[in-house]
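Coming up is one lone chain in structure tokens, specifically the form predicted on its own.
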Amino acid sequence: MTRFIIWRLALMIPTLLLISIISFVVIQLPPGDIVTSTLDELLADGMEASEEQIAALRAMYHLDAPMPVRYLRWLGGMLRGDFGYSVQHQQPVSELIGERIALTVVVALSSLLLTWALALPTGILTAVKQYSPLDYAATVLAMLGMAVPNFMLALLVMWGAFTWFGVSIGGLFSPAYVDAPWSVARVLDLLKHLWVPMVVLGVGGTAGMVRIMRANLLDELRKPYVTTARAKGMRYWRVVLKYPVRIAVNPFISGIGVVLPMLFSGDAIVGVVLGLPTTGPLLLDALMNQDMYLAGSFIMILSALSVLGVLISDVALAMLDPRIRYD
């Protein structure tokens, strides 16, 4: 296991390097750059800039250098902890993304925990009570959960809260705590607002995992070792929980590497709809304005978290299931 972990950590280096190259090239593909976007906004306001001023701006932000040179400068800065400078926000990128990355991780992990807490018992009950009213009801709800987009569910939740209770549930903080320093009161305020994005992002994943758990557990319940255990006098629920569930739960563990990227990517539109101070809205704004250092830094950090999630799921799966060995 130790050798496997070291090998996977070593593989993360070329993986992230390849992701950084692809991300940087893709961000550069649209015509123009952050300077041209800024000049377009100035022209829309009736202001103009001379050719000398444009050239000075491009030189200031190293946009006049060839793409390989800009990539190496950006990569070298990230290795030193310097993610570059956001032209749009006139701030170092590291000052912009720190809290947003942390809040994104909190929202994603809380949604993942909600997914497990709901999908595991529901999947077990629907498999054990196959073709019962509970099974049919859970199937209908799962299909609805997978069919309704997250942003649509967010709009429905906001509309329902405002229509029926007269409250606005957007954001992660109350107005008094939006720009306040971190304290116990701000953490408690965050927990009061966290349930909305947690539910919105967790519904789709819960619906899919319920179906996976149900299907896997049904396969295990039909195997001879379950019949043998029952014939020896073991109680039904003890047999189910001790043997088939332990095997059928594997997709939950391996799903960390799949669900986490889905939660991070789904945060973008949901974050815009709910007004969340997470990475999604700022990343979308950076891509639209071609703020390459800000967008590239977000993509790299989220990619690193996703790769790390895959590693954690593999290690946890091997620890849970003794049949799995990474030799």
Partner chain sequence: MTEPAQPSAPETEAPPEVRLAEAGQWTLMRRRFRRHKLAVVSLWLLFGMYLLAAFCEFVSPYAPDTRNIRYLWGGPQRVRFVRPDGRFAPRPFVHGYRRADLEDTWSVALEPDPARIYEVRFFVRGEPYRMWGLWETDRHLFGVRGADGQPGFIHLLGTDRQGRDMFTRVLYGARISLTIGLVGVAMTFVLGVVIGGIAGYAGGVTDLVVQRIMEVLQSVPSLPLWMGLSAALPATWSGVRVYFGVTIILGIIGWTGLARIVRGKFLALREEDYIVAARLLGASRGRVVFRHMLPGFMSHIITAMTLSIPGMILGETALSFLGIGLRPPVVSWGVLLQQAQNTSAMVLMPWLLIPGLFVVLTVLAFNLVGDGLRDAADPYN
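Predicted model only: the values in this text are computed from it and were never measured. Residue numbers count along the first chain shown, from 1.
Separately, the form predicted together with the partner chain exists; it is not shown, and the next lines address it.
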Would all three of 144, 158 and 269 be in contact with the partner chain in the predicted bound form, where contact means some heavy atom lies within 4.5 Å? yes
Hey, of 149-157, 174-182, 114-122, 190-198, which bit sits against the partner chain in the predicted bound form at 4.5 Å between non-hydrogen atoms? 149-157
Only one of 284, 39, 65, 55 comes within 4.5 Å of the partner chain in the predicted bound form by heavy atoms, so just point that one out. 284
Which one, 95, 135, 82, 219, lies within 4.5 Å of the partner chain in the predicted bound form by heavy atoms? 219
How about residue 60 - does it come within 4.5 Å of the partner chain in the predicted bound form, if we only consider non-hydrogen atoms? no
Since only the chain is shown here, I'm wondering whether residue 90 would be in contact with the partner chain in the predicted bound form (any heavy atom pair within 4.5 Å). no
Interface membership of residue 211, the partner chain in the predicted bound form, 4.5 Å heavy atom rule: yes
Is it the case that residue 29, even though its partner is missing from this view, gets within 4.5 Å of the partner chain in the predicted bound form, heavy atoms only? yes
Could you pull out the residues of 293-308 that have any heavy atom within 4.5 Å of the partner chain in the predicted bound form? 299, 302, 303, 306, 307
